[in-house]
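Take a look at this single chain in structure tokens; it is the form predicted on its own.
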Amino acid sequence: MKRALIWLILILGTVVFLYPFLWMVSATFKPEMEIPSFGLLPSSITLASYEQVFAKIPILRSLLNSLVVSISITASVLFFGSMVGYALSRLRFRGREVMVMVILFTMMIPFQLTMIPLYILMVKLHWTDTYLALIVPGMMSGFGILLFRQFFKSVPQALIDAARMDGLSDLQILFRIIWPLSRPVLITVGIITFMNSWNDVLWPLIVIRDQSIMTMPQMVTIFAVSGMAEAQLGVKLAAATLLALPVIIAYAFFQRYFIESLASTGLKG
């Protein structure tokens, strides 16, 4: 009975969390008049909502822009963040702990406080309405650095000493020895960074006005609130579904490594 009760609670929790998303997806295939109903199965399947999204906004172009921006930011955070995390975990130099505290402090500063100075910097560099304004500010992540630092501390020092005796430099040790052992943390930082950059709306709205460079969240937001959807709920939900799909696919493929990394690094001091 106890096991059955636990399963019942888990199933109810799953239904509570999944139902809104399943309802959103099913509503995109319903006729507009049927969307307010709570049922998941439409009386007739229609693709009219998706057809209107593709006809009214350049959704594929914005999808490509988001992929370029998110993948570039993710690759940069993995590359530079792992280098900094390795230095803070394995190299001994004066001010190392102070640097860790500074990184922690920067994570506590709300983005709203640095948004205006950062925008002024973009204007002075003439980077507005360019990919640089979307990519460069997100190329480093304090959270990623700290997660790399915690994971790299679990790598045996004897392995690193043996690599040094074989003549490997620190960069070679990082990318040839430690990276192959760090797949869980690499995937975790990659997923979190990709999700954060993919879902970012405020910063692109500030620095991008050219529609050909707009990211998908920015385009969907403008589409939903500017009246382009003409108050049609199905069209708005179709755009939201297309926006959520890449992140869901990425997480579905890498969720095992994501959970493994959180379990191996998040519980250590």
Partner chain sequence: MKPLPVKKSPCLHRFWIMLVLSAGVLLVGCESGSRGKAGHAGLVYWPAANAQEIELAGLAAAEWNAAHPDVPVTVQPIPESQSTEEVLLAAVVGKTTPDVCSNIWPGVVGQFVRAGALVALDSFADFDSVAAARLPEGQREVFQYDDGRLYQMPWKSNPIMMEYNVRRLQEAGFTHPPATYSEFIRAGQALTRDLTGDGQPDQWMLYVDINVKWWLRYFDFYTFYLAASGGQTLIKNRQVTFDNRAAVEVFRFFRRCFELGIFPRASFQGDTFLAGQVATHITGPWNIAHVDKFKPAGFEFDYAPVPLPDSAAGPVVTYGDPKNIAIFATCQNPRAAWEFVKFLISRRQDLALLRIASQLPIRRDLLSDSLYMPYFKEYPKMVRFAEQAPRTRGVDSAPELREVFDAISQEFEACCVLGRRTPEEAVQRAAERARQVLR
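These numbers come from a predicted model, not from an experiment. Positions refer to the first chain, counted from 1.
Just so you know, the form predicted in complex with the partner chain exists too; it's not on screen, but the next bit is about it.
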property: Candidate spot Leu171, Met214 and Gln232, all three touching the partner chain in the predicted bound form (heavy atom, 4.5 Å); result: yes
property: 4.5 Å heavy atom contact, Leu40 to the partner chain in the predicted bound form; result: no
property: Contact test in the predicted bound form: Thr130 vs the partner chain, heavy atoms, 4.5 Å; result: yes
property: Partner contact for Val225 in the predicted bound form: the partner chain, 4.5 angstroms, heavy atom; result: yes
property: 4.5 Å heavy atom contact, Ile192 to the partner chain in the predicted bound form; result: no
